[in-house]
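Next up: a single chain in structure tokens, the form predicted alone.
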């Protein structure tokens, strides 16, 4: 497991933790010595028909003092080793999250969200159980076993061997039982995760379920998943129920051996009476270490598997790498020079030798059939992918040479399906900016014909729009996304079919409002509705099967009587 850097970082915690474990165990062992002396004192007083209260008070204070000191060192042990494991967990989660953010679109498409979430939560938590509890208890086990056995051997080697003889067998049985419990626990967690995911998906798609009257089907499917989960959970409960009886037998066997053999040795005057009570306490002290071996072993195995998954993920390096940290003005002069691109995930060639130019203050309209490669233009401009052939030049410099984060900060993007957060409308619009005022948001919302609608809502701009924007319509979602892009005040604006859910009247009002807003930007608009392109674009390119088959001004394309003109006439007829 690649945890060396974390152990080095928090080495002082572990060093002090081991010291505290050792001291806590030794002071706990001396309690048995005090009990032995107290027992001998009691028997001596019985024989002498006397009672020394002062002596017994001293033994009592010794026991309280040893318990207190042992408890303090145990507290310090947890404050060092367990705290260090929390620091490691914190560092690992941050490392994974930062790694997710660095990764490119290809990586994110090939990974499931559930699996990534599981790595940053469950896998990291299992590693923490190793760096904290497992190490702590492993050290505790080693120190306790060595110290207790040394104390026992000092009293009676024969009695020590007799008492210890059955413990390894019980330890092996507990180890096997622990492995069974861990296997069942993992399976139960997987079934619970499956059930949780199913319920979450069902709640998210409840409207679709109701529309198609599939309530009964989904209920039956949940019952099936729930049945499997409940059966395994019951099996886990039955297996766990064996643990405590086995522990009781283990302790009982040790005590019986101590009393029987100790009694024989006592009769032969090879040990003192107090040694029997002392050994009983040692048996109890050894019970946990032998029990913990199986549990600690399981923790280490699970942590090893989880860390391997984490290491595998961290070993994947992003294909899109930022090569500059320079800060500079972005004017927005965009050139595609003979660009070709194929999606590695599907093998689909999206663009073939595409070339065009957009200067600052120009508005380029892009249209074409579904799947013709239009949206890929934006994926490449945002550098979610790198081109296979050709080059993209922005302000005279290859896009690969730009500061990736600064370039994206200077591009406002309106996607086809905007993601909205479970937050207020105001915060969703202000998302691209760290600061912003309500007056500016109101001004922009008026331009996208959203202000009047918002003012009818109970909390207006402070209305919660629900998870993924469930409380707003498709047209409202698109206008919120457009407002979010305009609040960013960038030199480049990319709009990907953001008017498809709007009626013609609202569409024309927004177009009229935005003409002055867009005049100072480099704007690229992808639209199926050619009325948008006709109203806003200064030049147009029409795609078919990843190639530009027509280009020119909107009027020039109409005069060509080609594909663009056919689609335009068909849309005008539908109006």
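Residue numbers count along the first chain shown, from 1. Since the model is a prediction, treat every value here as computed from it, not as a measurement.
What comes next is about the form predicted in complex with a small molecule, which is not displayed.
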* To do: Considering only heavy atoms, tell me if residue 242 and the small molecule come within 4.5 Å of each other in the predicted bound form.
  => no
* Asked: Hey, in the predicted bound form, does residue 376 get a heavy atom within 4.5 angstroms of the small molecule?
  -> yes
* Asked: With the partner left out of view, is residue 369 within 4.5 angstroms of the small molecule in the predicted bound form by any non-hydrogen atom?
  -> yes
* Check whether residue 134 has any heavy atom within 4.5 Å of a heavy atom of the small molecule in the predicted bound form, and answer yes or no. => no
* Note which of 350, 296, 381, 286 lies within 4.5 Å of the small molecule in the predicted bound form, where distance is taken over heavy atoms; exactly one does. => 350
* Quick one: from 100, 175, 421, 343, grab the residue that has a heavy atom within 4.5 Å of the small molecule in the predicted bound form. => 343
